[in-house]
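Next up is one chain by itself, shown in structure tokens, the form predicted alone.
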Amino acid sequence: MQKTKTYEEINLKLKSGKAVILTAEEVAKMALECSPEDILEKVDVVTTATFGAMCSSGAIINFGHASPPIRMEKIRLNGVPCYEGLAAVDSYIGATACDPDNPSYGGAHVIQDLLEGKDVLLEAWGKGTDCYPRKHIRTKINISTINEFTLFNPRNAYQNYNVAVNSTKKMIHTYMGTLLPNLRNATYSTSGELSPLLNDPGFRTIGLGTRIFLGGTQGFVVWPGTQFNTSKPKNEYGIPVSNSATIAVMGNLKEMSPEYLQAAYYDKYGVSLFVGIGIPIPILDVEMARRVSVNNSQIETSVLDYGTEGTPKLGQVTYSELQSGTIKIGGQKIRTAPVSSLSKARKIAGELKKWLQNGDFEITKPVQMFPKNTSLKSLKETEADND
């Protein structure tokens, strides 16, 4: 029986059409009857996926130069502020930036409008210089008129995420949706056994340069995501039981699809961007086969009280429980609801599987692995220096 495989061997099988590819859900079912050794022998690649709100997202845009040219020092797209400190006509629009006069419309909506081929109003101002004499421009742009349109997301695809509840008597509005009082609902985000970073919790195959499905086209993992934290407690299967590591990703928005990038507005919270990500996991050895065999009953996450200062932990549940529609905390039955789309995640995993089967996608060995021992620092408040 084969004990190890290499990236090169797997890619040759992909090119010849001989590779066996399963989704993470399919291999989890297979693992109920097959050992990790059997899975290593029978399976070459496992596709994973997630589709959820990822606030730490945005786009780099190059507008091109006007005549006479302008050094843009204040930029608005459909009223949404963009970062102006990159260069004369480069900008970064964050997904959660919003139009002050219309807070339900934000950077995520601008990105989606451009992706759908719509015209967007660009207005920019500059002080005027010898080389950039223009002081103001107001015009319309679209995906065809701009030069570069690059998705660059500093923190996506959380390895796991907590369940949100509210024990107070008052309804609250959060990035996890509206939380009803007295523990009357619970929301969660991760796609469970399909989730990319839960199938490779040690980051043995995911690192700098990993080729991924991103927004409907090929993209790349370009760095550890912000708040990359490997120090969180883990369960007996080596899986963190709360929000842990993340990835930074990049890809060409001009090749992406609005089906896999969708703007959203959370009532009384703000704007976010739903991002579709799929990552192929090569089955290199028995340990990787064991990792991708994890199922929803073996993946746990923490239930946090968002209504109480410090968001205390109230319990721990599995994704099998979450996806059943109810969980029990302190003897109380609580209805659950996802704030991500499992059906869309399944579609992404299936699409990536087809790309691999058709030879349109190959797996890539990371050019640099991610750090192993990381933790987070908290922002500390200090008194202002009055001297």
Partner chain sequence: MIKKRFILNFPPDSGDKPFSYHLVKDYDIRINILKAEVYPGKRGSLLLELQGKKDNIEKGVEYLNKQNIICESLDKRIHFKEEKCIDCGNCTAVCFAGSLTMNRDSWKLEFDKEKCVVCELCIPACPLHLFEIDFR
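Numbering follows the first chain given and starts at 1. This structure is a prediction, so every number in the text was calculated from the model and none was measured.
There is another form of this protein, the form predicted together with its partner chain, and it is not shown here; the text below is about that form.
Out of the listed residues 346, 42, 65, 354, 346 is the one that sits within 4.5 Å of its partner chain in the model of the complex by at least one heavy atom. Contact annotation: of the candidates 246, 187, 91, 242, the single residue with a non-hydrogen atom within 4.5 angstroms of its partner chain in the model of the complex is 187. Contact annotation for the candidate site: 180, 335 and 338 all lie close to its partner chain in the model of the complex (heavy atom within 4.5 Å). Contact check for residue 323: a non-hydrogen atom falls within 4.5 Å of its partner chain in the model of the complex.
The shortest heavy atom separation between residue 262 and its partner chain in the model of the complex is within 4.5 Å. Contact check for residue 267: a non-hydrogen atom falls within 4.5 Å of its partner chain in the model of the complex.
Of the heavy atoms in residue 28, none are within 4.5 Å of its partner chain in the model of the complex. None of 30 to 38, 338 to 346, 56 to 64, 357 to 365 except one has non-hydrogen atoms within 4.5 angstroms of its partner chain in the model of the complex; the exception is 338 to 346. In the model of the complex, just one residue of 159 to 174 lies within 4.5 Å of its partner chain by at least one heavy atom: 171.
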